[in-house]
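The chain below stands alone and is given as structure tokens, in the form predicted on its own.
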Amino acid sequence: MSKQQEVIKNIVCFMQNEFSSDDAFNEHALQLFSYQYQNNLPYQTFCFQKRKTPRVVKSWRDIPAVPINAFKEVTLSSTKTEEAEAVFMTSGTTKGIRGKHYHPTLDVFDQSMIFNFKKRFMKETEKIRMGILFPTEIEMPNSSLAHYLALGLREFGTEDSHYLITESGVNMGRLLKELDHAEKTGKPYALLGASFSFVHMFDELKRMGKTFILPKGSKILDTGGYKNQSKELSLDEFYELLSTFLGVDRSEGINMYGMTELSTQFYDYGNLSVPSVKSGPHWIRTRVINPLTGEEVPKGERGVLVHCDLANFNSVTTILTEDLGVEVDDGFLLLGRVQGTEAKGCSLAVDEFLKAAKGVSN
């Protein structure tokens, strides 16, 4: 068994054990840090310059975090990139440069998604008729979200599940038939997709003067973010419109928070009140830091989110996001993108990483 195969086996075993302890998480995180330090040269150089080597790092909290924008500038992989089964790419909405996340195998990403999605979105439901408000994997082969939604449909959708996006936008004819079918048969229905697709749907339903009351057990999953694809709505507006047009209670409107640079997603327990508490499974941990100092802020204070994701076995486990948040009981509140001082701190962190890592990578 190769070292990579051993790493994958250990992570999947850890995911399957829901009763894993804090010590076990720490042990796995440190093992992965050692593996990535040895095999991911830009990361090794960065860690070495910060004097954070496997010999001195004793806690997952001390594993050096890589700013997400570094994925746009540096190749972060513990294996040869040409051998990757999948390369997920960021949208490139800021400077047009797309970050790349290399997956030598999708086994770990897929296991992470399936375990978590079943528990947090499907809950007691085995299968449900689904409509996907996002393009297919074939249309967007480098999109982690396209792959995520395809997995959801394949694993948990009934045979009559379907995609509702065409080249010209939301397929309203098909969508109306599906909503009407659910309403008439009383069979639960699930709509999943990017938030901006739902906004286009709201606009069309409003124009047509159509509203629906979907059956009990129906579910909505939105993945947040507008990426300049539609007008932006406040969280309250968004979930009120879901309730108004589809008759789905806000407690059944689940938001998924994820990113291309991670292999694990966070969920809430509905959006009766917003912002809702987000949390992840036992193989991902979150800290809230001051990006100017790198120190954790006290619980209840605002800072920038840092995630340590054990499913990120090939790149780096620990990511400094550009998302503001607050640690609360049972998770964190997501407060939007960094601005002002926090944005400056994240920018400095990117500069620091690139100065170190560029010495060994283009």
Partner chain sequence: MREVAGYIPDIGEEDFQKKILIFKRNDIEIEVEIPLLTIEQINKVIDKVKKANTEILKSFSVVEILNIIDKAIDRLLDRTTSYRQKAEQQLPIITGYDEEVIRLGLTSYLKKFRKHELQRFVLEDLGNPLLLDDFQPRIKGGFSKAVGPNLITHIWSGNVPALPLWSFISALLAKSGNIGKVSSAEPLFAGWFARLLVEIEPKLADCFAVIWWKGGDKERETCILEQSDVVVGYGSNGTLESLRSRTPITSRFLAYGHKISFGVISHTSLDSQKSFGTVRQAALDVIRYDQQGCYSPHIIYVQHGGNVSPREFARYMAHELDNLEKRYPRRSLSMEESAALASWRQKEEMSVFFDSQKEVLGNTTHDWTVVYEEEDINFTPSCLNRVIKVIAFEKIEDLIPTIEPHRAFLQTIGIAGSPKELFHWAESLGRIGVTRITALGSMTSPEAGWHHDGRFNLLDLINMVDIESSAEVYSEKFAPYVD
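Heads up, when I say rigid core I mean the largest set of C-alphas that superpose within 1.5 Å between the two forms. Predicted model only: the values in this text are computed from it and were never measured. Numbering follows the first chain given and starts at 1.
Keep in mind that the form predicted in complex with the partner chain is not shown, yet the notes after this line are about it.
Judged by heavy atoms within 4.5 Å of the partner chain in the predicted bound form, the contact stretch among the candidates 326-334, 32-40, 47-55, 308-316 is 47-55. Residue contact with the partner chain in the predicted bound form: Leu292 places a heavy atom within 4.5 Å of it. At least one heavy atom of Val338 is located within 4.5 Å of the partner chain in the predicted bound form. Using a 4.5 angstroms threshold between heavy atoms, Ser20 stays clear of the partner chain in the predicted bound form. A residue is said to contact a partner when one of its heavy atoms sits within 4.5 Å of a partner heavy atom; Arg61 fails this definition for the partner chain in the predicted bound form, lying far away. The partner is not shown here, but in the predicted bound form the stretch 60-74 reaches within 4.5 angstroms of the partner chain through a heavy atom at Pro67, Asn69, Ala70, Glu73, Val74. Once the rigid core is overlaid between the shown form and the other one, Val12 does not reach a Cα shift of 2 Å, moving by less than that. With the core held fixed between the shown form and the other one, Asp22 has its Cα displaced by under 2 Å.
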